[in-house]
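Consider the single chain below, provided in structure tokens and representing the form predicted on its own.
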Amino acid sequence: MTQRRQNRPPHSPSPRAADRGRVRFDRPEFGRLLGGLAAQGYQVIGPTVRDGALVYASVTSPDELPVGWTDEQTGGSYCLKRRNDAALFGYTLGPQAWKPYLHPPTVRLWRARAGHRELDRLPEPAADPPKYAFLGVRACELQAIAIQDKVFLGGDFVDPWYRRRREGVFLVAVHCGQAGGTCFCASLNTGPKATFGFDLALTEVIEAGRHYFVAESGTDRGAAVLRDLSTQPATPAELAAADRIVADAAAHMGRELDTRGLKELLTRNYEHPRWDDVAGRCLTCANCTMVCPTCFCTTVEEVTDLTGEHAQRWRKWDSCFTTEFSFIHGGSVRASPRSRYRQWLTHKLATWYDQFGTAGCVGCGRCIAWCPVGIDLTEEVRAIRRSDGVTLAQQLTA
């Protein structure tokens, strides 16, 4: 029977918040937090409002954060709405994951010039990447980063571009204060509370006319940043308020995924008629893989200039939803929408365990919200489970 696991990468610091205790700082201190990170050479990347959505971008002031905004998400639908307060992190998730900052959409592998026998190979990044501080990382996104750490750093072949970008990242997590309509992180034990992998973790509290943050450090780097702020030990009432906010988010998940025997369920239903049903709706647009924080598939393209004097080889994001992705001599291995959707879902929730020891899904729900026709993987799994001929009792005794 498949067990749910946390995806802690080997090199990540273990949580030490319990040793350090939780402190409180008030909303006016948030500008000093950003300033302290900038003073240490970090480029702070955080949530901003742009083109009707929440996107991650460089921020230097709390005023650039989505102050007073929230989001509403359901299958195939996403919109921003105003809150009745000035929360900085009163939203769930936007379409953009942290993936582009660690696993860029395009990377040049080499370049060559006509008449030169030696290639200008680029086995390592040509220049040092920015020193990033990620601000507002949700628990499910920490899990996604940990999964990609396993993909790019955990095997025999380490990705040098990912490694260089990942090494210096400072992670400021924010525990979720609300669950979105497509969230199901509680089902996968990946949220809404961050439990590892962060330098700092914050809970935003707005109640009784007060606006403050309960903070905990997960590393020495995080503790050093906190020491530069005006903080106070959090009182029992403040700790209870912070815990209550996260517990409320866990109790109001928009979706639920039954993970009992999930890997076995999918692998024994490879020819289930539900795959035909979803194929009739799927546009194979690849939106789900583009917004997914863990998908990592790429392709390689070679290009030349018009004169033929220069050639370059590029690695670019790709998706298992394109026919070209599985093209080999004779044609595509997965030519039908049925086969491509089945590949994606079974990889995420079943065969990913065979490769990396975890699920490839963190329950963020982006694939549901940003699917143009609202295909919901939790419902697809539920439909297969409803008509599955093997009971849980039979699985446990097998």
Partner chain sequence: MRRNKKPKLAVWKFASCDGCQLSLLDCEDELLAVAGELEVANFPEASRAVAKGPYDLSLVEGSVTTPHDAERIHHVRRASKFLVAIGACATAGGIQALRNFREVKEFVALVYPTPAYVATLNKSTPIADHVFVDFELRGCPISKHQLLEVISAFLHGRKPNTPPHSVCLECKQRGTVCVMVARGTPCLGPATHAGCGALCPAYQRGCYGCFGPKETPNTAALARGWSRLGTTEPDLVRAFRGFNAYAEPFRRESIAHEQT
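On a predicted model such as this, the values are computed, not experimentally measured, just so you know. Numbering follows the first chain given and starts at 1.
Only in words, not in the display: the form predicted together with the partner chain, which the text now covers.
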| item | value |
| --- | --- |
| R50, T284 and W317 all contacting the partner chain in the predicted complex, non-hydrogen atom within 4.5 Å | yes |
| Contact segment among 85 to 93, 234 to 242, 137 to 145, 301 to 309, judged by heavy atoms lying within 4.5 Å of the partner chain in the predicted complex | 301 to 309 |
| Listed residue (L265, L257, V174, V291) with a non-hydrogen atom within 4.5 angstroms of the partner chain in the predicted complex | V291 |
| Of Q178, S187, T195, S77, the one that lies within 4.5 Å of the partner chain in the predicted complex (heavy atoms) | S77 |
| Partner contact for G357 in the predicted complex: the partner chain, 4.5 angstroms, heavy atom | no |
| Contact flag, G280 vs the partner chain in the predicted complex, heavy atom cut 4.5 Å | yes |
| Contact flag, L345 vs the partner chain in the predicted complex, heavy atom cut 4.5 Å | no |
| Distance check, P105 to the partner chain in the predicted complex, heavy atom within 4.5 Å | yes |
